[in-house]
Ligand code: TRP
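Next up: just one chain, as structure tokens, the form predicted on its own.
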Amino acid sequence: MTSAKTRKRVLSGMRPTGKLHLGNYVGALQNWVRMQDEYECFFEVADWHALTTDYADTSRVKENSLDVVLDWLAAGLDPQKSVIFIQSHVPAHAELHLLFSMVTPLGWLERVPTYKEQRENIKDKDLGTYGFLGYPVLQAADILIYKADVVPVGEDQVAHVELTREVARRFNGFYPATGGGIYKSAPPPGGSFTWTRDVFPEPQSLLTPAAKLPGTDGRKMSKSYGNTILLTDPEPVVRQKLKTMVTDPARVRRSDAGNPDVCPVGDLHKIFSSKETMAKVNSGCRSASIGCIECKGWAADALVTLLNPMQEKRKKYEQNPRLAWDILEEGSRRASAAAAATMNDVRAAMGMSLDFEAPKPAPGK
């Protein structure tokens, strides 16, 4: 991986909720794997973010973190190309979060759409905490501590990146770094320019292509709905789950013609099946020359073809999880080095450098 910042830098991450499913793969992970050769990538297991809603029970955070990383490695994330690390193993995230919290207006956080939505929809947990309200500030620290240029997100996360841009803009306004930048105002008569530069870039959202991936009940694939196909599901489990998957509701009898465009199984075919299989699905379903069981079998074939190589690769780490933990430790060291460089800039801009500096005389003395 390029050591100097010669490529645009990316930061993204996932909460450690355990083994990943196909929705995680299609919605983010597949795209991350492709990005590794184009960007300088930092991928974090966001274990502190998991605490914003699940602070009452932390017993599985470490196990879930390892499971997430095993799936990342199995899907193709390469520690030689990307920095793969655990958020809490880089304490500088917490320091920057604290400093950002000093300058972030409360109103910015209260207007974040997902804050209101989750407060309304999650009734079985007490979300009236400082940590839950302030998690977008922690997210801003995650992004900006690596001076990320772009953040791959779905549409529901664009507001968080915009808040990150606002935090960067506000910090830069309060604390411009001196030297080696651009002048921001004309000098006074007989004076000289004060050269300044921004400590933080304003990152851009990089919208992730969002394929429609239904779960086995036709709704969006989600662990909360219990309708997922895991990346670790063995072939018999995949085939059994597909057998129970809902189909075109208008196709009641085997002789009824169907429409793959309104069928959840058809949506799976569009994402995972070959053009040849898709042609058979379109022709056979619309003419009722194939039944739903046969169509589901073809979808299962495509999923097994995708998942088998991942599962074989995952076995190496399952048999020796220390290998994955070593990758995380090395990634956390590399992330810490990048974060430390940023924090040096932050402290210098704020006049809070850790190095001793002789007190400056007051103006006019």
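All figures in this text were calculated on a predicted structure; none of them were measured in a lab. All residue numbers are counted from 1 along the displayed sequence.
Not pictured, yet referred to below: the form predicted together with this ligand.
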{"item": "Heavy atom of Lys19 within 4.5 Å of this ligand in the predicted complex", "value": "no"}
{"item": "Contact label in the predicted complex: Leu70 to this ligand, heavy atom within 4.5 Å", "value": "no"}
{"item": "Partner proximity in the predicted complex: Val167 to this ligand, non-hydrogen atom cutoff 4.5 Å", "value": "no"}
{"item": "Val346, heavy atom within 4.5 angstroms of this ligand in the predicted complex", "value": "no"}
{"item": "Every residue of Ser88, Leu328 and Ala335 near this ligand in the predicted complex, heavy atom within 4.5 Å", "value": "no"}
{"item": "Interface stretch in the predicted complex with this ligand - options 197-205, 142-150, 122-130, 169-177, non-hydrogen atom within 4.5 Å", "value": "142-150"}
{"item": "Position in contact with this ligand when the complex is considered in the predicted complex, options Cys41, Ala339, Leu307, Ala46, heavy atoms within 4.5 Å", "value": "Ala46"}
{"item": "Heavy atom within 4.5 Å of this ligand in the predicted complex - qualifying residues of 9-27", "value": "Leu11, Ser12, Gly13, Met14, Arg15"}
